[in-house]
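As structure tokens, one chain now follows by itself in the form predicted alone.
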Amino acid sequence: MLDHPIIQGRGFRNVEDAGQVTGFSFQLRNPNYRGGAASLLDGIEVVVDGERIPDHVPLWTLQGRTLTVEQLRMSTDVRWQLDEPATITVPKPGGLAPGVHSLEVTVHLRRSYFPPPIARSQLTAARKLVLVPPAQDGGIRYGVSTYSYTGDIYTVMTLEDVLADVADLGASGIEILGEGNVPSYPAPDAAWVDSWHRLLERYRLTATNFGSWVDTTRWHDRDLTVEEGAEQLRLDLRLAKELGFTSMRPKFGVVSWDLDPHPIWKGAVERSLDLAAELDVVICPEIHAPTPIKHPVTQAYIDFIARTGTEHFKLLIDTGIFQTAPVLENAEDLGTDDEDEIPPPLRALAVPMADLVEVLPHTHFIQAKFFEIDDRLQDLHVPWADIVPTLERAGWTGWLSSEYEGRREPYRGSDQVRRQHALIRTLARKEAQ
């Protein structure tokens, strides 16, 4: 499925020839109401960050063929269909720097059913696009959670669109929500499972973390028992394994604003450890704001690891715990609009990096929670300039999986994830130098 905007979010990147960056490319949806012969195309004017590129300079790629405007005009067997994006390549030695760029285009199209004096039409579009640098080999592995696309997935994007988006920005891991992304959960049919594996192969993605819920207050008159909690864990462990995931985040119901998990967590996990080991899937409870690392909840998980000696129960760190500024826009979701005092769940914990280093040996997965990154690639809440170097220096080679939790206008999640990857990969490159 194509993006609704004419300028597509996918396909924006620098291009190379013989190891040298020679320009940049982007993709366009056909702005006309019908497909047509490429010979009717009469050029495209591009303005990038205020720099104007004449309409005869960019190259067009349609149906696998790359042509100049003159070659398009002379073509007899090339078309631009409504369901096919055109790739526009702009020669520019050195290309564009990683980050946010303003792009304006004017497509010139001849309409043979208009009188000659007015047959040449201009179709215009503008959009901000994010150029993401390639991920470096070794070190941090970059992934994305489908949660980042909440509101877009199943409305303006399919699940495949999300995977295509993740692959296009150069990430290699995909994290999903079991009850959010698996049709007929908890028992998807075999055809869907096969299609899931084909998508992973097509987009060269690794299934990373499977989001699971243990709803301890599922019923009004009683809480889940330990065995019922274990049954839920075992069900999701089997499904995670079937879909190729190597870890599972169980979100147990909580009993306090400190996110103390329901007391059944310990017994439910203990009854599931043998199956987790058999399937080789790691159970990862989440350390999530407003619970810091130095807290009885986190310590109880670490004590459990020490007592059982298991390799299949570890921590999942949510980077929201490192926030240095609160996200006040989320206050209404918690049923409060108190302007005089920040509600406890929204207070910036600013957990120190030393605490992160201390628990990294017990950590299996990191959700790269964030809320907004501006046009200058500055995160307004989360200190990536501290987090990324800390992980690099500690030798972290696990997943850093984007989890956008900001505003939900259409396509905003996709744009914000690209901004985050441009930011954290740039920081990782600086640290490696």
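Residue numbers here begin at 1 and follow the sequence given. Please read these numbers as outputs of a predicted model, since none were measured by experiment.
There is another form of the same protein, the form predicted together with a further copy of the same chain; it is not shown, and what comes next is about it.
Q: Only one of G406, P58, G36, G398 comes within 4.5 Å of a further copy of the same chain in the model of the complex by heavy atoms, so just point that one out.
A: Checking each option against a further copy of the same chain in the model of the complex, the one that comes within 4.5 Å is G36.
Q: Quick check on this chain: which one of A190, A354, I118, A306 has a heavy atom within 4.5 Å of a further copy of the same chain in the model of the complex?
A: Partner contact (heavy atom, 4.5 Å) among the options: I118.
Q: Does each of R198, R238 and R376 have at least one heavy atom within 4.5 Å of a further copy of the same chain in the model of the complex?
A: None of them does, since no heavy atom lies within 4.5 Å of the partner.
Q: Any idea which of 270 to 278, 131 to 139, 86 to 94, 249 to 257 reaches within 4.5 Å of a further copy of the same chain in the model of the complex, heavy atoms considered?
A: That would be stretch 249 to 257.
Q: Answer with yes or no whether Y411 is in contact with a further copy of the same chain in the model of the complex, where contact means some heavy atom within 4.5 Å.
A: Because a heavy atom of Y411 falls inside 4.5 Å of a further copy of the same chain in the model of the complex, the answer is yes.
Q: Flag S172 as yes or no: does it have a non-hydrogen atom within 4.5 angstroms of any non-hydrogen atom of a further copy of the same chain in the model of the complex?
A: No, no contact at 4.5 Å.
Q: Although the partner isn't part of this model, could you tell me whether S184 comes within 4.5 Å of a further copy of the same chain in the model of the complex, counting any heavy atom of the residue?
A: So S184 counts as contacting a further copy of the same chain.
Q: Using a 4.5 angstroms cut-off on non-hydrogen atoms, would R204 count as touching a further copy of the same chain in the model of the complex?
A: Taking the distances in the model of the complex, the answer for R204 is no, it never comes within 4.5 Å of a further copy of the same chain.
Q: Heavy atom within 4.5 Å of a further copy of the same chain in the model of the complex: which residues of 155 to 174 meet that condition, in order?
A: Residues within 4.5 Å: T155, V156, M157, T158.
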